[in-house]
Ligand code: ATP
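Next comes just one chain, in structure tokens: the form predicted on its own.
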């Protein structure tokens, strides 16, 4: 990858969706720069997904001015001097160029206004420590005080100072994510620092929520299995929890199974990591502070996935038996069962065809026909649905006749 002339980079900036509205709105405001991953991706010839803007000035004041000029909404974050602006499909984050001081390992930083060069120097990796001017004649000018372009050309992930992984240990997971996403590799010094931070227990100094965000981002990558393999190589898996099972093949199969049935591939991969010791990992999952529904689905998938795989491998199942086996399971359980060797055909049939089958009658119909209110109503509907799935009942009249017969039999 050769250095990109400013004129070419300027044109790449102008092709960012929505930027044609933003650039005129920046006129007359303090100097502003595109920073972070967007610059890295533009230089690689990829699309810039997240638009992050650094301002040498009060970012919140600039955000308010931009919101007025663009008829946009603005949300300010006082602690870090940042703001988010959204005008329809145009959205971007603004931050005052700043330094960061970490009072202790893993703590959130204290920030203070600083120059652009100082701002870039406090970032995670050199490939993310570049900026591109957005205002006036500076449009398209590349700022690269840390040698990020050279690392980009060489395929290197490199931290900017020796305490980087101690100040923010989530960078350990992020470094692996960039390795697998970009096909890069940490340079030897950075890898040595990473291994030392793992041995020193750096990850124990950050909250589970911050670990969750970085871990799910990694597990959501298309190359997540390679990321899991690299985590194991660095000792990151055991640093997160000694019971985690870093099986890249299982993670790959779980992610593929999830995609096939509409489950979240990252959560399926997380369930695969937990499948070897679900009971031991319950508290660890809770510490990640996932939303309750996600946490419960991951935990259940890890517990029941192996059993579902065994039972589905044991032989063919009638539709009603699939309902009994799979009907109350979250889709993550089904994805993990497929990853563990369950035949895909019955699971796909359940998800795409059988799961949506419903009765044309309801409990009100049974009550209106004289069935007393009570458990017999639910049992009759449940049995009738099972027979309908197996092709033994068809149409409303047969459903009602069958349900009434089942309810009366239960009342004897």
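Because the structure is predicted, anything quoted here is derived from the model rather than measured. Numbering follows the first chain given and starts at 1.
What comes next is about the form predicted in complex with the ligand, which does not appear here.
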Pick the stretch from 50-58, 365-373, 26-34, 383-391 whose residues have a heavy atom within 4.5 Å of the ligand in the predicted complex.
-> 50-58
Would residue 151 count as a contact of the ligand in the predicted complex, using a 4.5 angstroms cut-off between non-hydrogen atoms?
-> no
Just to confirm, residue 171 within 4.5 Å of the ligand in the predicted complex by heavy atoms?
-> yes
Does residue 128 make contact with the ligand in the predicted complex, using a 4.5 Å heavy atom cut-off?
-> yes
Find out whether any non-hydrogen atom of residue 179 is located within 4.5 angstroms of the ligand in the predicted complex, and reply yes or no.
-> no
Answer with one of 158, 230, 123, 323: the residue that has a non-hydrogen atom within 4.5 Å of the ligand in the predicted complex.
-> 123
